[in-house]
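Quick setup: one chain, the form predicted alone, written in structure tokens, and binding and motion questions come after.
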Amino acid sequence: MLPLTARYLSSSNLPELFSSNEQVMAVVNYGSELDFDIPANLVSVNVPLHQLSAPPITEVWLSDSDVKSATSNGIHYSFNSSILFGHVVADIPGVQNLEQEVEEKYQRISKFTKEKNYPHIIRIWNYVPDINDEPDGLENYKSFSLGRSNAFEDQNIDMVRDLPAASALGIKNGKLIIYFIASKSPGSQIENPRQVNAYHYPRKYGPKSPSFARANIMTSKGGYINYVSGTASIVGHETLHTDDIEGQLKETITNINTVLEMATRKEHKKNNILSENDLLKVYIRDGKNFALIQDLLEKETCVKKENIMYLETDICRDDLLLEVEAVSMVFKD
């Protein structure tokens, strides 16, 4: 058993899960609010993105040991003996002062995880209001990247060793939603030789480069879990296959497999390419392309259909049609 594992479940199965003996650390719901109460002791995240496949599924995080939860300085969190799962939300009316809000939230998260003795941020999800808009002449994603980078620099985060895996997508409700996984022990940062490391992107992508690793691995006695960042059709630092859904998806899967191959080399283990039990989250800019992407993805990978979540949203670059992230879990025999 790993200290933390992920599962996708139909919302109709959640009440049974909550009444079982399983140790639930967090629930992340995408779409409308669930029509039943989540137990008060759980971290519950609601991200207002439309799920394209039916029935809707919910992201559930499970612990291998007893879970405790609390709220501190606006961060709702659950934790076990080695892992902490946290969640913070900021209202940003009119998407003003986004850079400052992001910097403050990242500063808060970094200080909080250190104070709680879970100093290593392994994986972080960011849902950014109107991500491609340019309210003050600077795209919101670039403002987000600037605030995040400023916070990491202030907290002396080492770009080569300590960056988390990450995703950053758009939402429309004027909120900045962040949830994250932190650990008492460091992960192993993985990069992709087909791509320029994001933190080395040229200045045309913003005043500060995006600060994330392509993947991050957590190893334990029970095996390991590889958190693959939001991945797209980028080679070097350029977007490829503009306006070509099939080309972008195939390039994205090639990038994910390359990252997993690099992780295999680093861990000296086999079977770290996408498997049927891994989880994928697919972000699609235009929902009309859902059926095509679903069909192509099922041909390009062996991941079970029920382990793929499809969401309609804006992507961090306006020329990207889709983005895919993964949670790859390998258990020791």
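Start at 1 with the first residue shown and count on from there. This one's a predicted model, so the numbers in the text were calculated from it and none came from an experiment.
Although it is not shown, the form predicted together with a small molecule is what the next lines describe.
- Between the options 150, 183, 192, 167, the residue in contact with the small molecule in the predicted bound form by a heavy atom within 4.5 angstroms is 167.
- Comparing 243-251, 89-97, 209-217, 73-81 against the small molecule in the predicted bound form, the single stretch with non-hydrogen atoms within 4.5 angstroms of it is 209-217.
- In the predicted bound form, residue 25 stays away from the small molecule, with no heavy atom inside 4.5 Å.
- Proximity of residue 234 to the small molecule in the predicted bound form falls within the 4.5 Å heavy atom cutoff.
- Although the partner is absent here, residue 85 sits far enough away that none of its heavy atoms falls within 4.5 Å of the small molecule in the predicted bound form.
- Using a 4.5 angstroms threshold between heavy atoms, residue 141 counts as touching the small molecule in the predicted bound form.
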